[in-house]
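Before any questions on how it binds or moves, here is one chain, the form predicted alone, in structure tokens.
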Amino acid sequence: MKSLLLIIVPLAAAALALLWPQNRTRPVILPVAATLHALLSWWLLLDPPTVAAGAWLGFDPLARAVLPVVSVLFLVCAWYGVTYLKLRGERPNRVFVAALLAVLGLLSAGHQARHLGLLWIFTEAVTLAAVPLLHFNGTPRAFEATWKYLLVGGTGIALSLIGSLCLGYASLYGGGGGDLTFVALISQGAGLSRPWVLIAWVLLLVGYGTKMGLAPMHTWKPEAYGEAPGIVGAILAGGVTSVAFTAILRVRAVVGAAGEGPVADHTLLAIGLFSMLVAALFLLGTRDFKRMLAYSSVEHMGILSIGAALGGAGVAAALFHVWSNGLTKGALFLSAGNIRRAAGSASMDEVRGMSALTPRSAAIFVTGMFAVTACPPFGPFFSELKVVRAALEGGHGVATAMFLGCLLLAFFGLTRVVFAIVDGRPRSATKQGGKRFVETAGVILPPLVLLGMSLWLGLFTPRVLQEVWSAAVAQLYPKP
């Protein structure tokens, strides 16, 4: 029952937000609901419930390994959201607040979905719930980004539906009883029809890979992240993409049980390296610092895909990276939102000298840039180091060299943009815009907290988290 509260609490809060009459006080619902959700998720992390083998929903080891960090990220963003929506008092926030809370509830359901059909339903629902968040600014470019998100994301979700049907047919063709829980599919194992399993894997990888933003299905990300508010970008990059990644991990376990694990791993490795390469090349050319974060997200989704291809050690490293990247990327998006609001633009051609106009946000942004590019002692350094170690132990020397080369190119691309906007003399238009923005505690403390948590995760990775990630690996790679 406690695990169901992770779904019920935010959805009930979303309904309350829709009914709440006052625009000024409605945002307070965000941190209240988010605090309850975070307390519940960490309670369940420390004291996990017993999940029945045939349960369609449950706080199983994989949900336990990912959902708590999504909850923490949302909690910090919720506190940021109170101040942000106060600054955006000219915009009605009823739908925005309700949609944010609905996304949290549906993410909680998606992570706990242990049934192939339920997983698809909740992933599709998250896609739809995020739509009002993307066009909150109400600009023509925001509407364009929203339509692209719907078009590309809808195509991916449609492919994942077809893939789900194919995987179900693989079970029926192999003599199964039509049980689409992942436990039943894995137990059927070699009895699954291999041709249908492979067809399903390709469709599901493309479908959920689109949701993650893996290249070449990433085209919605630069538009969506570039036009959405910073708080939305943080939740999309650190939260929404995680449910698609865990979906891929669950399906990969079924494919492995059917005897096609090597094929799945090769495709994950190839698409992960391709995503990193594409992201690195775009980072070397982009001039928009919010789109820069979108391409950085594509890069890190590639890292997750590579980790998932490297067996148990790689999956554990990938789960570590879900935490480290989510926290760090959250700090970057929130501080980038501050800079964008102060400067009035996101282009390095129009923004200069933000270290003078928004010194605290600029400092967090620069530090976050070093953190997300795997500079020690922040979390991404250690999680990516574990991915490299797993690759070398698996004999993937060439892939490791490509991995490190893409990281270097991405570092050059990120530093090129970041230092261009924080250094130099402020332009006159930027300076005028900066006078209207005050770096209050409400917009500075949340990204600072996320950055501090990334540092803490790197220096003092709790043993309980390491055990949680190991338990998730044991679930995905059960011993015969």
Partner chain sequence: MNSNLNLLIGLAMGLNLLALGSSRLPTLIRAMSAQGVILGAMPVLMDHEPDWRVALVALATIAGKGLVIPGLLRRAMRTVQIDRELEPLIGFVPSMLLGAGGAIAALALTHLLPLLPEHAGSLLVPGALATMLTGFILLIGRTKAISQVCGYLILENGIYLFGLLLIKAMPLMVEAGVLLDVTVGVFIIGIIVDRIQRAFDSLDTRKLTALRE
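Numbering follows the first chain given and starts at 1. Please read these numbers as outputs of a predicted model, since none were measured by experiment.
In what follows, reference is made to the form predicted in complex with its partner chain, a form of this protein that is not presented.
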| query | finding |
| --- | --- |
| Residue (of 392, 356, 118, 375) lying close to its partner chain in the predicted complex, criterion heavy atoms within 4.5 Å | 118 |
| Sole residue of 82, 198, 388, 150 within 4.5 Å of its partner chain in the predicted complex, by heavy atom | 150 |
| Heavy atom of residue 143 within 4.5 Å of its partner chain in the predicted complex | yes |
| 4.5 Å heavy atom contact, residue 365 to its partner chain in the predicted complex | no |
| 4.5 Å heavy atom contact, residue 154 and its partner chain in the predicted complex | yes |
| Residue 208, heavy atom within 4.5 angstroms of its partner chain in the predicted complex | no |
| Non-hydrogen atom within 4.5 angstroms of its partner chain in the predicted complex for each of 135, 161 and 295 | yes |
| Contact stretch among 189 to 197, 258 to 266, 329 to 337, 400 to 408 - heavy atom within 4.5 Å of its partner chain in the predicted complex | 189 to 197 |
| Residues from 157 to 188 in contact with its partner chain (non-hydrogen atom within 4.5 Å) in the predicted complex | 157, 158, 159, 161, 162, 165, 166, 168, 169, 172, 173, 177, 178, 180 |
